[in-house]
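Only one chain comes next, encoded as structure tokens, the form predicted alone.
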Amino acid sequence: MPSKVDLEVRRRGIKLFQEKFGRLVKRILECKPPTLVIPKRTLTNTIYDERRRLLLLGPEKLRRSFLDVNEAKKFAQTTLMAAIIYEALINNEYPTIRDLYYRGKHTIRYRDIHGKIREENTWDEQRESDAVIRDIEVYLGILREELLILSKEKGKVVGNMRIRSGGDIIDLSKMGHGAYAIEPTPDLIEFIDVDAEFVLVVEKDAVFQQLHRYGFWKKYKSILITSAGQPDRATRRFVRRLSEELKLPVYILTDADPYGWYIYSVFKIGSIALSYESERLATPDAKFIGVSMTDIFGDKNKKPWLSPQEAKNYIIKAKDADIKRAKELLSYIWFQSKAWEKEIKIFLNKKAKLEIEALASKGLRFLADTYIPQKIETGDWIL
């Protein structure tokens, strides 16, 4: 049987569908052309709110009309997917985004204006149906996870923390050498009790595992999380909840390269692709503790963490793609602070990067007991 939390989420979702898509039915009954008005999910309609420190959707909207030959297919795809999701809510189902793709994929036969029979698929690839799901999220103003749509689990967490999920109490301090996989519907998780002073998010799963086995989270009273690379939505939402609801400071540790820095910014201010949900997914108070270019090369106010010989053994030559990505970061407003401009310009000048594992090469104790604690304690982070 679904839990009480699940049932409440379903009721909210069903009500929202009935209200928003019920307007289309009303227009049809009034003999008016059915039209969907949806905020544009485009780069040009994405703005950075400096006061709130979030990427948000701008005011532009698109009109998707069934009677517009250029929009008819998109309109039909949207209402088809909406019907499938609505039925899943009604029937107490938990579809995956892959499942929704297959449920809606079929061939439609129709006669064109010349009387010729033609065939066309509702969608050919999953990226099409995924885009439609995102449009429905924007139209309804709700996360797909709040519609109980599932995706593959990616992020993991461990710490002195107990949660309730699906009616069960799970102790995240008793995961053995493993960790709790952050479920695709993190808003259904209830925080029972937490004994932690901060959250440490680690880009690399391998480093996360080392820190976990070393007992970092026990020794330093922390919640240890890995995004295993580019973070999925569930991990971002889970981190946001820890920050917002439990008031825990969030620190992020990534590789010293443009891709690691962008992962940090996705956690902090949101992503361009999902700017419409930054208010629920992003954590504006997150702090970047490393790895930074000044950690490697130092500057006039800071000694490097690695000696020249140690750095020489672990520095990796940047590829053209890395250089291109770094230049792109410089064009983003949220990377145009003096601190970030200095970091990125050092990278472009040195054309070199460093992975977190290089610090662990000095010994796991150095990473766990020296680098991370000192970075947090001294406030040596970048915002």
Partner chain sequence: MIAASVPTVREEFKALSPAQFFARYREIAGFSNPTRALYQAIRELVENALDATDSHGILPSVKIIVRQDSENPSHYVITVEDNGIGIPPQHVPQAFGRVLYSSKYVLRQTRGMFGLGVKAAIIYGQLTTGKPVEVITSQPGLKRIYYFKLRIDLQKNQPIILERGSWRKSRDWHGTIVSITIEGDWSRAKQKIIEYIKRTAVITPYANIVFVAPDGVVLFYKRNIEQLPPPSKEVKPHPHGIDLEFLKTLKENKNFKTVKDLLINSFQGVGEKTAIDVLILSSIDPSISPSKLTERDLVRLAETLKAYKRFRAPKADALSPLGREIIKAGLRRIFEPEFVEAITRRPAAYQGHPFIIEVGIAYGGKVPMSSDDGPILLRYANKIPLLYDEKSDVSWKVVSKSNFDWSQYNVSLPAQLIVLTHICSTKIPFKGVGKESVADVPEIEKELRLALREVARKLRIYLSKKIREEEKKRRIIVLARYIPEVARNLAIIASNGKGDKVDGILLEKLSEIIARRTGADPSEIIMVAKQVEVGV
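A quick note: this is a predicted structure, and the numbers were derived from the prediction, not measured. Numbering follows the first chain given and starts at 1.
Not on display, but discussed next: the form predicted in complex with its partner chain.
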The chain here is shown without its partner chain. Which stretch in 300-308, 254-262, 68-76, 287-295 comes within 4.5 angstroms of it in the predicted bound form, by heavy atom distance? 68-76
Taking its partner chain in the predicted bound form, would Leu143, Asp193 and Trp217 all count as contacting it (heavy atom within 4.5 Å)? no
Is there any non-hydrogen atom of Tyr371 lying within 4.5 Å of its partner chain in the predicted bound form? no
Would you please decide whether Ile28 lies within 4.5 angstroms of its partner chain in the predicted bound form, comparing each non-hydrogen atom pair? yes
When the contact criterion is heavy atoms within 4.5 Å, does Asp124 count as touching its partner chain in the predicted bound form? no
Counting only non-hydrogen atoms and a 4.5 angstroms cut-off, does Glu120 reach its partner chain in the predicted bound form? yes
Exactly one residue in Met161, Leu89, Leu80, Ala131 has a non-hydrogen atom within 4.5 Å of its partner chain in the predicted bound form; which is it? Leu80
Please pick, from Lys338, Arg51, Lys317, Lys32, the one residue with any non-hydrogen atom lying within 4.5 angstroms of its partner chain in the predicted bound form. Lys32
Within 4.5 Å of its partner chain in the predicted bound form, which residues of 102-133 have a heavy atom? Give them in sequence order, or say none. His106, Thr107, Ile108, Arg109, Tyr110, Arg111, Asp112, Ile113, Glu120, Thr122
